[in-house]
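Take a look at this single chain, the form predicted alone, given in structure tokens.
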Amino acid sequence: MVIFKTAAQLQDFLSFRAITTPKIGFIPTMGALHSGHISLINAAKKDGMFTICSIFLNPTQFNDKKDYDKYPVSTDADIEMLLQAGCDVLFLPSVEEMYPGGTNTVASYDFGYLETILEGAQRPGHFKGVGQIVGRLLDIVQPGRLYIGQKDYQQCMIITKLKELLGLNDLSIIICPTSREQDGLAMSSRNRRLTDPQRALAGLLYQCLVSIQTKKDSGNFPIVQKECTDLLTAKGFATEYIALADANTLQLLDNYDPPRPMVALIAAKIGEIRLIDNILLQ
């Protein structure tokens, strides 16, 4: 695996390799890697891609500086995981490299309705930051395929919209299934910050999503929503939202609407740790 810390070095390398290198499969991350990230590397390699992973803790997508400061960093362990996975290139830039003229000089994008609801409402400015950094990374790497996980469902839709806004018709966005722990908890770098008692309860978010899914044909969503909220509250969670939406547009729904494709989404805090998850209602 080759490691680059500047865009110029990476682009020179890719230009030199252009004749022999197959299409690039790109996996952007913020580090603190886990098995979910490695599953994206594996998916790209299975597709025959030349795999490039980036690790960059992007300050512009944190609306809470305390969250940014406490985000887990484990670069040495991350590099070892990528080596074991057979990743071809790691891009490991600094903040100054990604925002050479300051964060306000990088293009931002209007995502419309998508950035006003759910995560957008709870974390103002978050998706502006996501758009800034992903747009910058795509310009540097110019991949053929971008691999992202379904766990951040709304972010997947934001990035799909970004592709449209940038006119990247040759880019394929590959959304891979959420990787989960044995109790269903969605794998996340933030899980490292959970205490043992918190970790024992964290799987309840997935149980709530499964309950919403199993009642889609005969249930009443507001009732199921309240049951889940009450359960989480009783266990010490502060629920931010439990929502049902059109899986294609993220239009929020008041009730189940089969056979429309739907997704249930959830966000809740336990202590200082904020967890999100989702499930497709199939």
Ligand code: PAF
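Because the structure is a prediction, the values reported are computed rather than measured. Numbering starts at 1 and follows the sequence shown.
A second form of this protein, the form predicted together with pantoate (PAF), is not displayed here; the remarks below concern that form.
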- Query: Is pantoate (PAF) in the predicted bound form near all of Glu181, Ala200 and Leu275, within 4.5 Å of a heavy atom of each?
  - Reply: no
- Message: Please identify the residue among Asn58, Gln213, Asn42, Thr239 with any heavy atom within 4.5 Å of pantoate (PAF) in the predicted bound form.
- Response: Asn58
- Query: Exactly one of Ala243, Ile38, Leu250, Met30 has a non-hydrogen atom within 4.5 Å of pantoate (PAF) in the predicted bound form; which residue is it?
  - Reply: Met30
- Report yes if any heavy atom of Gln150 sits within 4.5 Å of a heavy atom of pantoate (PAF) in the predicted bound form; otherwise report no. no
- Query: So, in the predicted bound form, is Ile117 in contact with pantoate (PAF) at a 4.5 angstroms heavy atom limit?
  - Reply: no
- Query: According to a 4.5 angstroms non-hydrogen atom cut-off, is Ile133 in contact with pantoate (PAF) in the predicted bound form?
  - Reply: yes
- Query: According to a 4.5 angstroms non-hydrogen atom cut-off, is Gln155 in contact with pantoate (PAF) in the predicted bound form?
  - Reply: yes
- TL;DR on 213 to 221, 45 to 53, 58 to 66, 228 to 236: the one with heavy atoms within 4.5 Å of pantoate (PAF) in the predicted bound form is 58 to 66
